[in-house]
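Below sits a lone chain in structure tokens, taken as the form predicted on its own.
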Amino acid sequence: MRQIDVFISSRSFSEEDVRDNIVVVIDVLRACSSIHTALHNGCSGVIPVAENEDAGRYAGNLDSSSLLLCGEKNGRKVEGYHLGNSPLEYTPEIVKNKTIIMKTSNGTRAITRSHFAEKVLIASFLNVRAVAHYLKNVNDRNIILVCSGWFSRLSIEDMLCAGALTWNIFDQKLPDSATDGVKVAFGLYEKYKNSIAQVIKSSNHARRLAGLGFEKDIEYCSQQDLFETIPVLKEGMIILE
């Protein structure tokens, strides 16, 4: 019988924890929301990297005319990159038919650390229902929900999204066999499911972003089910399945 577990940050799990399992990486503010928006708006694919050095190495082997270097450090666009980590930057006019190399503080690190998984899905509130529907039909693999968090710290918006997934997977009834991580995520969503946007806006990470002038990003990333698609990692590149 499959098992479901939740990890609280990009640094809280080992490669062995995810090996041969189905992994869902969650980064509501903002990497997963930006990746999905870029794909929806026509980019060819997103290559996630953990370090700036990795981004430079990939860039040196790709056609620069069809390439965008994107990402952030401490919330701000990396100097010399084309785009930062605001989903509102990833418009069709800018990203269509482009390959994006993305480095963020937490989200892309969580994705790259999950490379031993059987499959890696990208989730946020923008596609939470579609991901939950997919996971309900997974019976032959364990499911690991990885909340990217903020470095080693828990981010409430990611745990809420994990809770929304478990709430739907279990048809709103927490099983007795649930892991501690699932219990926390499920309970958090059960309490705040009717005030998602308000809770996200008051989160530590949202306050950090608001202080940098990204209030509109917070509003955008708080939307639920804007997309019906699921980004997946295949051979090092994230595409829409």
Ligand code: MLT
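Heads up: residue numbers just count along the shown sequence, starting at 1. Worth saying up front: this structure is predicted, and the values here are computed from it rather than measured.
The form predicted in complex with the ligand exists for this protein as well; it is not shown, and the discussion that follows is about that form.
Colleague: Choose from 119 to 127, 163 to 171, 98 to 106, 137 to 145 the stretch whose residues reach within 4.5 Å of the ligand in the model of the complex, heavy atoms counted.
Modeller: Stretch 98 to 106 is the one.
Colleague: Counting any non-hydrogen atom inside 4.5 Å, which residue from 199, 50, 67, 209 sits next to the ligand in the model of the complex?
Modeller: So the residue touching the ligand in the model of the complex, by this definition, is 209.
Colleague: Contact between residue 81 and the ligand in the model of the complex at 4.5 Å, heavy atoms?
Modeller: Outside the cut-off, so no.
Colleague: Examine residue 36 and determine whether its closest non-hydrogen atom to the ligand in the model of the complex is within 4.5 angstroms.
Modeller: So residue 36 does not count as contacting the ligand.
Colleague: Test of understanding: in the model of the complex, would residue 31 fall inside 4.5 Å of the ligand by heavy atoms?
Modeller: Result yes; residue 31 sits at the interface with the ligand in the model of the complex.
Colleague: Using a 4.5 Å cut-off on any heavy atom, which residues of 42 to 79 would contact the ligand in the model of the complex?
Modeller: Contacting residues: 72, 75.
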